[in-house]
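Below, in structure tokens: the form predicted on its own, a single chain.
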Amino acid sequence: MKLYCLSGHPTLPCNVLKFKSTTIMLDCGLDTTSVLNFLPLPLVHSPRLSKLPGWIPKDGTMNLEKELKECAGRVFVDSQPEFCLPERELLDLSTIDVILISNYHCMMALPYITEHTGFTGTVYATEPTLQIGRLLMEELVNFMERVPKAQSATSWKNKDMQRMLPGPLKDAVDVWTWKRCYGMQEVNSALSRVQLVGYSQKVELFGAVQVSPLSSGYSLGSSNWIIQSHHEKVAYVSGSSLLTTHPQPMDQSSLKNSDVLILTGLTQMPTANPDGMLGEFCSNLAMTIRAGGNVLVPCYSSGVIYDLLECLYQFIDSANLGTTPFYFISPVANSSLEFSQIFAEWLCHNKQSKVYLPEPPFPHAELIQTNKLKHYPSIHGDFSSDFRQPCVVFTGHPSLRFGDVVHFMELWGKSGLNTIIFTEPDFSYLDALAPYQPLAMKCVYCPIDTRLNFHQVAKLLKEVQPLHVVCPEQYTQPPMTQSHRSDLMLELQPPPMPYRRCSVLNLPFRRRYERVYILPELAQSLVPTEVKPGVSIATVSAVLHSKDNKHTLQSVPKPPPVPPTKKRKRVMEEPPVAPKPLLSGAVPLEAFLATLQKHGITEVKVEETADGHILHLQAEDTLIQLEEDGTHIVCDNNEPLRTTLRDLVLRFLQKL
């Protein structure tokens, strides 16, 4: 069993498991942190960005002024943002049989994997994962296509040139493999391969293994996966949460008795309590509005935003924010808000029960009805006529490199009354803000990450007790910024097996058993013999038939009758060779010595060994080794004696 690791990002995994002749990809996360190296894409022409000076090296050897721009001491690429893809050279992606998706954040690289690689397999995901994943992909494509860039910067990627660049461009990994965003045609083609599954539904893969999704408690439809054969079990845990938020709670009991547990997607903010962050979010938002400023919340169009809106719904009246407009701007804003209300069976019990009242499970429906929350596809059109300040705007993208958020950064960045509140943990807020510096607006960092922290994982692993744990190497050491915090790492016995991008792990377990079926007519012909109380054995002569990883014992076919010929020849039919009988039992030492004595063999020297006894027949110069699993008679040039001794041994054994 092998594990190929195609992504180095612990919360955006992409691994391939080779297990019992099947090749299974576990998630295909897209590392979008690479976009922080690019200049923002403004929806409206930005004089500030267009006037940024080109970067000129001190020695003047490279001419990259058109590709690289300097802003507040940092150098950025002036081109369409590009993404860091999962590794595509480590193994042939066309050999992948299935892709298992755990949540909608971990499927954003799917079009890069399924299109243009020769992939012909199936993708399995839950319905909310597919539908919300489609929205996030649509939004990403829309953000990119709305602001096309005429030029494409490639010269800076040259290895010799990159070495000369200032950090962080100098340290960027595998830049020559970075790719621009896919188009809607590729998205539709990739998603047409998805087959929907429900929690605990068992899916057979070629008769070899069975895969089954379990609720992971992190987001709508998010799953952990069980991959098992008749005798082995692998658990894949990715993006799970034990907190009580809107999704169904995590199914922990089904993870028990795993031979290997692959662990990814832990919290990126182990020291930040989500409840505390929500409180801080609300209080900073209220302070800014009361002071007459605007609040900008860069966020994804699904996920934490549902919890933020629910929190604000409870907070608005007590904080006297009843008249403050809330705007949600995204090309998929309407679909996202509606989808969250219709996936009732994927929600926690509390929200499920509201559907039967009937009440919408999420309170943002009421915010929309009362006109407190308005949603728009973009800043153009209706929004510009409805827009009034001070207000709160939820919009994407959290990287601040594309989407409507770029416009608000340019619009509100110069005033100290306004506040930007970061709630998504995927990007460093300092790097996100870098191309907008110098910035007057206040910045608040409230990362809300509900995924498992190290304390919760340690408790979970104690309960489910897998034999082996595999995890990203980042989890086996404390964070670089807090090297003294040994509580921010996995400490297990035996230690977990760490992986990094491009590593191939031989997982430490061997398949020892295989299930074989026996046909009824063959079973009927068996004659069991009891070898000890409650245990019977029968010998069988059969043909082993293997097809689609299913093994069956069938009766040996009878030879076809010989066709008669004109010349009568006497055909000598060879009788079928009967199999040698199997022997079971043990030879008791005292009784065997007494039998030897009866047959005139009296000079016997007995020597005890680790496995049994050695009998030295001194007069006959013969050795008899009596062991638990076999008996050996060593006798030179005395065939009658050897035969006699063999027959005496056989008296004590049972023939099967």
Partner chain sequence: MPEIKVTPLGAGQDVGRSCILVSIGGKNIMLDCGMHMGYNDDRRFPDFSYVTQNGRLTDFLDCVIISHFHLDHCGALPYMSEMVGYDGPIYMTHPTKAICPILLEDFRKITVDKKGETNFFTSQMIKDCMKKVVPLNLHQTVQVDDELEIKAYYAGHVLGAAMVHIKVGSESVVYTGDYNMTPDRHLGAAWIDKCRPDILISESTYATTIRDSKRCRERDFLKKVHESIERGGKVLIPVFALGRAQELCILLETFWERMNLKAPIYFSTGLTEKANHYYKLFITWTNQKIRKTFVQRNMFEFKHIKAFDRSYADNPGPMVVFATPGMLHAGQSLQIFKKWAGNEKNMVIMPGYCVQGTIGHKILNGQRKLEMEGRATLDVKLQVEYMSFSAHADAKGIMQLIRMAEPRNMLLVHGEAAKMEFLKGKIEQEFSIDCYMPANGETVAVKTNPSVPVDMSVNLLKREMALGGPLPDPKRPRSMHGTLIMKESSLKLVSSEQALKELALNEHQLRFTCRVALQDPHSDSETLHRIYTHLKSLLKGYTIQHLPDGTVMVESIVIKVSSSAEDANAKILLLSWSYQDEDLGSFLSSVLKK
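Keep in mind it's a predicted model, so treat the numbers as computed, not measured. Note that the rigid core is defined as the largest set of C-alphas that superpose within 1.5 Å between two forms. Numbering follows the first chain given and starts at 1.
Heads up, the form predicted in complex with the partner chain isn't pictured, but that's what we're talking about next.
Contact annotation for Y356: at least one heavy atom lies within 4.5 Å of the partner chain in the model of the complex. M480 falls outside the set of residues with a heavy atom inside 4.5 Å of the partner chain in the model of the complex. By the criterion of a heavy atom within 4.5 Å, H455 is excluded from the residues contacting the partner chain in the model of the complex. Though the partner is left out of this view, G293 does not reach within 4.5 Å of the partner chain in the model of the complex, counting heavy atoms only. Proximity to the partner chain in the model of the complex, taken as a non-hydrogen atom within 4.5 angstroms, holds for one residue of H484, K580, R388, K159, which is K580.
None of K202, R146, H380, H116 but one reaches within 4.5 angstroms of the partner chain in the model of the complex through a heavy atom, and that residue is K202. Residues within 4.5 angstroms of the partner chain in the model of the complex, judged by any non-hydrogen atom, belong to 192-200 and to none of the other stretches in 192-200, 388-396, 69-77, 464-472.
Although the partner chain is not shown here, in the model of the complex the stretch 619-634 places heavy atoms of E627, E628, D629, G630, T631, H632, I633, V634 within 4.5 Å of it, in sequence order. With the core held fixed between the shown form and the other one, E620 has its Cα displaced by at least 2 Å. Once both forms are fitted on their rigid core, the CA atom of E521 lies 2 Å or more apart between the shown form and the other one. If you fit the rigid core between the shown form and the other one, you'll see the Cα of T631 move by 2 angstroms or more.
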